[in-house]
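So this first bit is one chain, no partners, the form predicted on its own, shown in structure tokens.
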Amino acid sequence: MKILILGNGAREFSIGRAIKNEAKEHELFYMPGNGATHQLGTNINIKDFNELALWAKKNGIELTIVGPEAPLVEGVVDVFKSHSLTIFGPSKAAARLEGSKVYMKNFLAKYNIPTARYIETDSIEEAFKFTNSLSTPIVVKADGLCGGKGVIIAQTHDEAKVAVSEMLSGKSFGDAGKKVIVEEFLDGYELSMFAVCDGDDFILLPAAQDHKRLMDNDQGPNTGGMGAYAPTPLVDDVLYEKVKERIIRPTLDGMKKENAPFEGVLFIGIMVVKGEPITLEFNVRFGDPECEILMPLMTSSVSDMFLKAATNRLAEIKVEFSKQYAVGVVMASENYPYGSSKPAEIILDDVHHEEIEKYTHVSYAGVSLQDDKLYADGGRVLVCVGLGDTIKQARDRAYMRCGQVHFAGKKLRTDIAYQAL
């Protein structure tokens, strides 16, 4: 099968790697890809969606998989479908679940899906009044896309008001913050759950746990994610059923009523409070770095899952996972997440250890290729993934792999999966 993958991160690298591992004869193309995706397929650079769809048609692309949120919110799926191409991801209308936090919160309220008490407003007076009614900490969110960084957890009322003021003035996140959500802080533990959907049916994947903060012990600023592990032992069958019945099923039914059937990945950020799942937010694509640990756990066909979901045929397949655990550790560049970093050559030690060879791998993100050498380009550079029969074994193997990757200024957490251990 000829498959086009949109995106340039470790998430997209992982999807391509899983597809190649299942069958070498799949031919992969990346738009735009990164400095390492040439190991899996061919990088192309056609940014205009119409031109890209015409290229896909001309080159016999049988399936397109969209990785990041921006092209989904901009409507790439609608463009490809107008050319009768098969594409995995939600329509522009359905992608509003991530594109607008206000739309998402109002949708949750309309269809009685459990979520935190909130107000959505562009009025500073209203926001301040609601802020005063809450106990601290207080959550302040920008409405639009902010690359995973538009959420502030304020520890005091004053801090919350500063966050509201800076968002509404456009200082923090530009137009993405011109409307805000202020909501109560939920005290529990957070989970990432992913449902692959075809508009009618869905398959819920094993729950993962992400590590958002930059430093060990969840210190420092929020990032796009510094590591993750799956499956988490914090979820049992009862909780999975509650998520299916109270969150996913009413969401799919509600989106049909909104004339925007949901196809693609529904990423549910969940807070578990006293055993009950509460929806923090929706995203409309795989999490990064969660995708990097879920893909290698799949034992059934990855490409078939994407194809069946994109053609409303999920009911025909059973998606299966190994009994193993996966841990992914992100390596970021020196100045992440504060600013850009100078490119630094990546040196990989030769792998002589059979355990590392067999049970670990690297998924690349912020890298470029110059004179056949890989360079760390800034941001999150790569993810070292380890598999094992226990979380500890998977984690130890992931860190063994980390020890074999070197570049100037490399930054990583040393405590990924600590919640489970």
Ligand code: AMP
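Given the structure is predicted, the values throughout are model-derived calculations rather than measurements. We number the residues from 1 along the sequence you see.
The same protein has a further form, the form predicted together with the named molecule, not shown here; the description that follows concerns it.
Taking R313, K212, K81, K242 one by one, only a single residue has any non-hydrogen atom within 4.5 Å of the named molecule in the model of the complex, and it is K212.
Though the named molecule is absent from this view, in the model of the complex it lies within 4.5 Å of a heavy atom of just one residue from L168, I119, V151, V319, which is V151. Using a 4.5 Å heavy atom cutoff, none of A230, H361 and I391 lies near the named molecule in the model of the complex. Look at 179-187, 245-253, 232-240, 345-353: in the model of the complex, residues with non-hydrogen atoms within 4.5 angstroms of the named molecule sit in 179-187. When the named molecule is considered in the model of the complex, D143 lies well away from it, no heavy atom lying within 4.5 Å. Using a 4.5 Å cutoff between non-hydrogen atoms, D198 does not count as a contact of the named molecule in the model of the complex.
Contact annotation for L280: at least one heavy atom lies within 4.5 Å of the named molecule in the model of the complex.
Shown alone here, M271 lies within 4.5 Å of the named molecule in the model of the complex, counting heavy atoms only. Along 291-315, no residue reaches a heavy atom to within 4.5 Å of the named molecule in the model of the complex.
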